[in-house]
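The form predicted on its own is given below as one chain in structure tokens.
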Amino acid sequence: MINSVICELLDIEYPVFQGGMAWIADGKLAAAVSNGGGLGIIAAGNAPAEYVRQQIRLARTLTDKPFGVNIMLLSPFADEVAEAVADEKVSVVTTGAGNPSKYMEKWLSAGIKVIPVVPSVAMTKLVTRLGAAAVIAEGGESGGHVGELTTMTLVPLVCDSTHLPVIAAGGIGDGRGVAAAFMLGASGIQMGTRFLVADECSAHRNYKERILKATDLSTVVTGKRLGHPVRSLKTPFSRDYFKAEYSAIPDEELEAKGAGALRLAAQEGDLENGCFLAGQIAAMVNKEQPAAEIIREVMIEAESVLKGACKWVK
């Protein structure tokens, strides 16, 4: 079975991270992924520190394996969540939607391995200097907050710019994507959308059904005008937001238009007003499985693909 430096670094069986999906990746899902041999990740999202503490403590009742917390740096609660994860001494912190510089020293002092999401070579070099344990190179195919570069381009660029292990993310949903990530120089992969339909995922039934029914043209990127674009499924909400983005509506009103939309999708399954974040690989997700089974399946597929790669070389 595939093993890499990430497995040794984090004491996990498989080099597979579960993405930090706000209002979805809770302690239950994180524990299931960690018990399955990957690295489960609790998403702080826009939640306050007390919620994050509750989910950390829940995960600890369900697994004795390492797990992490993802902190969205744009959150108004980022400061207090940063303190909470340091107090709780979680194994790993991943970060997204911003620069983690102001928190790095605190987390490293608490013995936490910090693994930021990086959208560029410049950010990679910065967090390498600051003491990151690894980086997640996430391409624009992913769900949620996205950058400009594709995974195919970003991963080798990041690998060439740092000595740290690189986790590839964005557009990975099966063993072929895992194998491709390794060929690009990555030491592991992160999947979010595939875990949306894990049995242990608490996302609303409507959310899971939308993922299972998605096609190759089912996602759209909105929010570029505000400087923090996100990828989601095409819904009445996302179509309306896309139109508003190219209208004369003031930025403040546009920003307010999206407030709470993800929670409406994830927790209430609101098909009209919810924002259903998902990556382009949603079209490849066609069955529900336990998290552990998802991990084993993609790793077995990846091993088979990698073993057959030499058929192209004479």
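What you see is a predicted model, and the numbers here were worked out from it, not measured in a lab. Quick note: we count residues from 1 along the sequence shown, nothing fancier.
Below: the form predicted together with a small molecule, not depicted.
All three of G96, V117 and H145 touching the small molecule in the model of the complex at 4.5 Å, heavy atom to heavy atom?
All three within 4.5 Å in the model of the complex.
So, L217 and the small molecule: in the model of the complex, are they within 4.5 Å at any heavy atom pair?
No - in the model of the complex, heavy atoms of L217 and the small molecule never come within 4.5 Å of each other.
Is there a heavy atom of N46 lying 4.5 Å or less from a heavy atom of the small molecule in the model of the complex?
Contact with the small molecule, yes.
How about L226 - does it come within 4.5 Å of the small molecule in the model of the complex, if we only consider non-hydrogen atoms?
Heavy-atom contact with the small molecule at 4.5 Å: absent for L226.
Tell me, yes or no, whether L212 is in contact with the small molecule in the model of the complex, where a contact means a heavy atom of each within 4.5 Å.
No, L212 sits far enough from the small molecule in the model of the complex that none of its heavy atoms falls within 4.5 Å.
Any idea which of 198 to 206, 177 to 185, 70 to 78, 107 to 115 reaches within 4.5 Å of the small molecule in the model of the complex, heavy atoms considered?
The contacting stretch here is 70 to 78.
Going by heavy atom distances of 4.5 angstroms or less, which of A292, V305, A22, L9 would be at the interface with the small molecule in the model of the complex?
Spelling it out, the residue with a heavy atom inside the cut-off is A22.
Can you pick out, from V85, A132, M123, V92, the residue that has a heavy atom within 4.5 Å of the small molecule in the model of the complex?
Only one option qualifies, and that one is M123.
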